[in-house]
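Given next, in structure tokens, is a single chain: the form predicted on its own.
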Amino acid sequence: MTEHLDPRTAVVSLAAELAAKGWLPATSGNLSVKVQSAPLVMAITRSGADKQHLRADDVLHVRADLTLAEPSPFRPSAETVVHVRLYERIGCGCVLHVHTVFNNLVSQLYWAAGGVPLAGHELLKALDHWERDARVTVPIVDNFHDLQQLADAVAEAARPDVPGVLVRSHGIYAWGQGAADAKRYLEAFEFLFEYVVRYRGLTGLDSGGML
């Protein structure tokens, strides 16, 4: 289990699992696990790394100011700043960012609504919503070219009770208190996004029959 691994090894393990699902194509995506909180240091994938074959030296220890905490010839992911803002805003322990066909499709389909409504799904329990008639909305932000602007938008949209934010035609940032939580939430989101897209394609309705 990733919870019992050191942060760098946990990132390598997560990359192997998520790449095997096809969620990190063409060196896309970025994954991080917090090393320490004060001051913030995270273990994060380097820029341009092939996540299907990630090695320990492809995972860098990076501070909140985006400087390296340990020497490396590599640069951290360009989207490290988004991870920083989420750690600061939510206080989470792991952030996962993946690009999939269904998270891209659902972000386009629900862009005008500002979020993806989810109700009537058993897998909402995997997002820690056990209440009867649970219903959540996954927020969507625009795909800003300026990464500081993107980071601010994702952090502003982030809510403690919905552990993910979609970026329009880009991907999702999901987080958790630890690596296992973040992976569970991400898997639940991706299942639900695929369901929503397929249901809408078959019926013309939002999932759960919501118009």
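All values reported here derive from a predicted model rather than from experimental measurement. The numbering used is simple: start at 1 and walk along the sequence shown.
Below: the form predicted in complex with a further copy of the same chain, not depicted.
- Although a further copy of the same chain is omitted here, in the predicted complex none of 63, 95 and 176 has a heavy atom within 4.5 Å of it.
- In the predicted complex, a further copy of the same chain lies farther than 4.5 Å from every heavy atom of residue 159.
- Contact check for residue 26: a heavy atom falls within 4.5 Å of a further copy of the same chain in the predicted complex.
- Looking at residue 34, you'd find every heavy atom of it more than 4.5 angstroms from a further copy of the same chain in the predicted complex.
- Although the partner is absent here, residue 108 sits close enough that one of its heavy atoms falls within 4.5 Å of a further copy of the same chain in the predicted complex.
- The chain is drawn here without a further copy of the same chain; in the predicted complex, the stretch among 151 to 159, 35 to 43, 63 to 71, 165 to 173 whose residues come within 4.5 Å of it by any heavy atom is 165 to 173.
- With the partner omitted here, the residue from 81, 90, 123, 136 that has a non-hydrogen atom within 4.5 angstroms of a further copy of the same chain in the predicted complex is 123.
- Residues 168, 169, 170, 183, 184, 187, 188, 191 of 168 to 191 are found to place at least one heavy atom within 4.5 Å of a further copy of the same chain in the predicted complex.
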